[in-house]
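This document opens with one chain alone, in structure tokens, the form predicted on its own.
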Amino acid sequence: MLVTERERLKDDIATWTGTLGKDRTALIPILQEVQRKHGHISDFAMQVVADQLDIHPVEVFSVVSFYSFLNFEPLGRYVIRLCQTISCDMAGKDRVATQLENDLGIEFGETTPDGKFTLQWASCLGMCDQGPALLVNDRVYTKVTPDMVHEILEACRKTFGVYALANKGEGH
């Protein structure tokens, strides 16, 4: 019997509610798990989570739409978030942003056609004394220069090649 993606998603959410709880306090951890495993939080996933937690789907939607680290659409394998605070502005954030856009061929808010990279702005990364600050997935880079952008992207590309070979045929 072929298990559909929706059935897998339902099973995953049931497992997470079993371990994380079935009350409102488990909402964000469950959504984080959905995104981690499935790459984004679809309308179907929001409905299943709402059903499992016995809350209105609008509550789930409002949480996903509020938090910038939760996404409705699939993102690239590497999500690059550049801090856009005034301290990062003063430290040269615009030059780093331009270099990222030039090297990747996309603008902020977009994903490369191959699905490897997504560029996003971050409100604050908490590194105001070390700007410009950049977050690539879970790794923080500080005092980033345009020259460092090349090195950071090259490291991601090398890692992606290893990741792609190790996970051949598994999709995202």
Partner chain sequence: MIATHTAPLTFSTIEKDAGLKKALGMKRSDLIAEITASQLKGRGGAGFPTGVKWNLAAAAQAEQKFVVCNADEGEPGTFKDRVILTDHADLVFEGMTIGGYAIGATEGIVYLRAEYTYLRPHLEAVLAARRTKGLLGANVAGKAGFTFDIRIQMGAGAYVCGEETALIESLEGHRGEPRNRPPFPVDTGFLDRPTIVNNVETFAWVASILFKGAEWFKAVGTQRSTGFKLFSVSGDCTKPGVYEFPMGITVARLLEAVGGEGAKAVQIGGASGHCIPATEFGRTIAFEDVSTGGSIIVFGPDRDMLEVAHNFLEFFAEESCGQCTPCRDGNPKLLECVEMLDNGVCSAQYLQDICGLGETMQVASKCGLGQSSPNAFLSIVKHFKGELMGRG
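Model, not experiment: these values are computed from the prediction. Positions refer to the first chain, counted from 1.
Not pictured, yet referred to below: the form predicted in complex with the partner chain.
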The single option of 103, 51, 129, 43 touching the partner chain in the model of the complex, heavy atom within 4.5 Å: 129
Joint contact, 28, 32 and 124 to the partner chain in the model of the complex, by non-hydrogen atom at 4.5 Å: yes
Residue 147, heavy atom within 4.5 angstroms of the partner chain in the model of the complex: no
4.5 Å heavy atom contact, residue 73 to the partner chain in the model of the complex: no
4.5 angstroms heavy atom contact with the partner chain in the model of the complex for residue 114: no
Close approach of residue 24 to the partner chain in the model of the complex, 4.5 Å, heavy atom: yes
Interface residues of 62 to 78 toward the partner chain, as seen in the model of the complex [heavy atoms, 4.5 Å]: 62, 63, 65, 66, 67, 68, 69, 70
